[in-house]
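Encoded as structure tokens, the following chain is the form predicted on its own, with no partner shown.
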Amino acid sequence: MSSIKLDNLTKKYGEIDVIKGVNIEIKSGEFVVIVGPSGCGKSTMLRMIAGLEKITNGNVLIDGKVVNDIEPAKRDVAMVFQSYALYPHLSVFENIAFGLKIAKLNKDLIKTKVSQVASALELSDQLNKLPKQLSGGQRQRVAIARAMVREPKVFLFDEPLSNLDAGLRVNTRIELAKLHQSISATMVYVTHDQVEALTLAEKIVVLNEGVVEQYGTPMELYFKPVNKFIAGFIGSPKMNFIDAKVVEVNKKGCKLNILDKVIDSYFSFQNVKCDQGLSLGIRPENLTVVSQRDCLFNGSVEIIEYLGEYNLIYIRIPQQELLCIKVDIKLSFNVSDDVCLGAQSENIHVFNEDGLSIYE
């Protein structure tokens, strides 16, 4: 197991800044997921750790040692690619053993190591097959086994599940979580899927246009997003945002104008002033249908998505994008129904004009 430190890591392609001074510390044995929208620099950052991408400025340190000028093969890291990268003419056994043969380990030791890894990943009965005879999930497990058998200091995963169908993604995700629990290795995992990030990670790095927006535990990012970008990116369905304005501030708190309606309730948001524009963030699971007395805003049902265990109802609010609420399947709605929506104040996230969070 090894720690990783990215010290002011920077990458430029000509005049284009791709990674902009990233500073991250990953503890030995941690499972860290790098997540962000397409083109934000996730894979580039992973490849810089692996040594496959040249560093413009800054340092990559593994176990406190700067590895910028150390070639990939000597960094003692193993990378699992999105495309599996298996040798089609070699058997599963030969694919897994390839790196060990290059390292010139003796045949008995190679056989023992491959057998152990194959057993851990439930590949023991597939060792004599060619990659073309395997399912997508099995091929990805072979790619993971090939990395695992080397017993590297660090595992790097570059969107390893993106080529799998929904069922296989869930199964392989569980296998990866079990693998980390069993070997406690340091793992850095890149994905654009924030569900994967929330379910796998001990810590999440949210990258946006080469900048780290927030680095913390899944629960920190979900419950305490530092800005609107994090709030809208983490969570599925994404957070709803509603415009508001402060109309009164006193010892009781502040009173808001929400969509041209002054709300009687006082909110205890701190560091706000009269006439300040705000953006209220409410997750779909925290918006509820309420009586007129508790109503924050009115709207009409425009779209209903039936998803089995729950339904997603999209509400048209004047001068706003569609708001999404997550409701129990027992609640009955029809398109064009008028509804009143509300939320508990502790479930309302508040953002200032710059998109930064204001906590109660």
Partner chain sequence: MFSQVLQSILVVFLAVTISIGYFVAANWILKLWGEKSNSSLPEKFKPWVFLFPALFLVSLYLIYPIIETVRLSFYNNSGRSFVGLDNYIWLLGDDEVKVAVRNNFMWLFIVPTISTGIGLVAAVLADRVWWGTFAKTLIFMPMAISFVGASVIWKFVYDLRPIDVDQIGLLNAILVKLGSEPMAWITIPFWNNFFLMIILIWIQTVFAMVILSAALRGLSSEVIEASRMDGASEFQIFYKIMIPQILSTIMVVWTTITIIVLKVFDIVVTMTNGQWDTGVLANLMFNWMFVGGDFGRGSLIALIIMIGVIPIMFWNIKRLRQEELI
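Since the model is a prediction, treat every value here as computed from it, not as a measurement. Basically, rigid core = biggest C-alpha set you can superpose within 1.5 Å across the two forms. Positions refer to the first chain, counted from 1.
In what follows, reference is made to the form predicted in complex with its partner chain, a form of this protein that is not presented.
- The closest non-hydrogen atom of residue 88 lies within 4.5 Å of its partner chain in the predicted bound form.
- Residue 146 belongs to the set of residues with a heavy atom inside 4.5 Å of its partner chain in the predicted bound form.
- Contact between residue 98 and its partner chain in the predicted bound form is found at the 4.5 Å heavy atom cutoff.
- Contact annotation for residue 136: none of its heavy atoms lies within 4.5 Å of its partner chain in the predicted bound form.
- The partner is absent here; in the predicted bound form, the one residue of 207, 258, 79, 161 having a heavy atom within 4.5 Å of its partner chain is 79.
- Residue 150 is the only one of 150, 203, 169, 283 with a heavy atom lying within 4.5 Å of its partner chain in the predicted bound form.
- Within 4.5 Å of its partner chain in the predicted bound form, a heavy atom is found for not a single one of 109, 180 and 183.
- The stretch that touches its partner chain in the predicted bound form, counting heavy atoms within 4.5 Å, is 79 to 87, out of 242 to 250, 186 to 194, 283 to 291, 79 to 87.
- Of the residues in 43 to 69, those that come within 4.5 Å of its partner chain in the predicted bound form through at least one heavy atom are, in sequence order, 47, 50, 52.
- Core-superposed comparison between the shown form and the other one: the Cα of residue 210 travels less than 2 Å.
- Taking 2 Å as the criterion, residue 263 does not count as shifted between the shown form and the other one: its C-alpha moves by less than this amount when the rigid core is aligned.
- Core-superposed comparison between the shown form and the other one: the CA of residue 132 exceeds or equals a 2 Å shift.
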